[in-house]
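In the block that follows, a single chain appears as structure tokens, in the form predicted on its own.
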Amino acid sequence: MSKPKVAFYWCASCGGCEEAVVDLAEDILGVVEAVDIVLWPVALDFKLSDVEALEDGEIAVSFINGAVRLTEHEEWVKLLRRKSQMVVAFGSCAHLGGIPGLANAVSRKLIFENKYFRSPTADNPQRVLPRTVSEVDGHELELPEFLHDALPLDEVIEVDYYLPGCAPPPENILGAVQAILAGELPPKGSVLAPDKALCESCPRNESKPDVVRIEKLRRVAFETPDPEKCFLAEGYVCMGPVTRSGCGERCIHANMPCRGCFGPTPEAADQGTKFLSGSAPLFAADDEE
């Protein structure tokens, strides 16, 4: 009996999700023994034509990380959706847009101007911008088009499951792979992480006062948090109250407040708005200023 086929692909991301797979260390040997990896650009030399040659639905599961930012990403994820029985949005960028999604606050035109004209390291006196088609020495060269927005994966294709994190912890990756191979998955559309908030598992939870009053907003760039106290009670923006747990509190243990990479808890449709509405009453402000 042939082993189930698995694919890994990345779109617009830093590469940390791929490194997290490598961080399985010796456990990756068990994964490799149990599956047949048919695409993994960071480690194996497969081509687009190799995936196109597969039957539709022949891949058991594709783990896709990164936001969809280029037409090339769009082409690949649509192909993998067709070839896969199951697609997992792998990591924060595929799940929610992540860091690449912050670029949606400005226009594509401004992004290009900053990158190619205004950057201190840019040497571009002709003010040349990338073109999707160029003629070079009689040859036509093509580049992917930069899309108007960076999109989370489920705004481009149907997603079966979400594995959150920046990057997902190796133990969560291994647990997801084992659940998939065993057919022991929750309902389709589930986030493969606990439903409770990070605050509930935070090691500083007991230091949080019954009534939090923020006298001053603080930033870790300028001050060092007390390693024993609740970040929010000290005045540091911490997304723990509205973020899923399951990350192992890695930032907290490094004396950094939560930045919300595991995404919203089930009752928070909009993570940022939920945080603002919950934290605004905590400020000890007596006047407009």
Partner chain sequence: MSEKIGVYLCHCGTNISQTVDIAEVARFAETLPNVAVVREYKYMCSNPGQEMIKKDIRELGLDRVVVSSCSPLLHEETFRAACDDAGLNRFLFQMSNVREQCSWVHSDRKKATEKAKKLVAAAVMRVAKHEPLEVRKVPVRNETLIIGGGIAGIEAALKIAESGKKVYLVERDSTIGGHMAKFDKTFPTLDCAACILTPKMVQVADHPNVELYTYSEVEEVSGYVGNFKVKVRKRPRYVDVVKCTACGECVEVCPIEFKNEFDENMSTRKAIFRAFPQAVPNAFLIDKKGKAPCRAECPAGVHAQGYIALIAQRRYADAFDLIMSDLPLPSVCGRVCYHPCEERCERGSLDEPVAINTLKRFASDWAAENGVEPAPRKRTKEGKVAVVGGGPAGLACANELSKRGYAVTVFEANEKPGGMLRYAIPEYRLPASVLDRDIERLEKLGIEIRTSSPVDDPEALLREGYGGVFLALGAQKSSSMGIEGEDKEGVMGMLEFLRAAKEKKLTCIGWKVAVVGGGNSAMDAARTAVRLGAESVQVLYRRSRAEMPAHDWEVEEAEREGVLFKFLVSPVAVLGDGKAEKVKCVRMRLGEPDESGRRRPEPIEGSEFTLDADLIVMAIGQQTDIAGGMEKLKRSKWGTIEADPVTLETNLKGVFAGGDAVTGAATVVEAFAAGKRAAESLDRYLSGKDLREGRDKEIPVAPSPSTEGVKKEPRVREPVIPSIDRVGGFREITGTIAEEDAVREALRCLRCGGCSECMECVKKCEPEAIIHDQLEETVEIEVGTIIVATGYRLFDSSRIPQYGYGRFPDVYNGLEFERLCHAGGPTGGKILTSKGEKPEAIAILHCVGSRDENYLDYCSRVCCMYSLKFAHLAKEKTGAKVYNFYIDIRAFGKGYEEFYKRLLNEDIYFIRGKASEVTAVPEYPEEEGKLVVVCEDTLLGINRRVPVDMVILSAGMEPAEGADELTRMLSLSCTYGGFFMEKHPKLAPVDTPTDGIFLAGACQGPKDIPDAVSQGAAAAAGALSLMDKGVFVLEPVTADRVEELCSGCKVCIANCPYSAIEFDAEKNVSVVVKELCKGCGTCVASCPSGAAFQENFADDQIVNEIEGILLAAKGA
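Remember, it's a predicted structure, so these values are computed and weren't measured experimentally. Positions refer to the first chain, counted from 1.
Keep in mind that the form predicted in complex with its partner chain is not shown, yet the notes after this line are about it.
When its partner chain is considered in the model of the complex, only one residue from Arg213, Arg131, Lys188, Arg127 comes within 4.5 Å through any heavy atom, namely Arg213. None of 163-171, 190-198, 177-185, 90-98 except one has non-hydrogen atoms within 4.5 angstroms of its partner chain in the model of the complex; the exception is 190-198. Proximity to its partner chain in the model of the complex holds for none of Leu54, Ala60 and Gln85, with the criterion being a heavy atom within 4.5 Å. Taking non-hydrogen atoms only, Gly235 never approaches its partner chain to within 4.5 angstroms in the model of the complex. With a 4.5 Å cutoff on heavy atoms, Thr265 counts as touching its partner chain in the model of the complex. At the 4.5 Å threshold, heavy atoms of Lys208 reach its partner chain in the model of the complex. The closest heavy atom approach of Pro225 to its partner chain in the model of the complex falls outside 4.5 Å. Residues of 35-64 are not found to place any heavy atom within 4.5 Å of its partner chain in the model of the complex.
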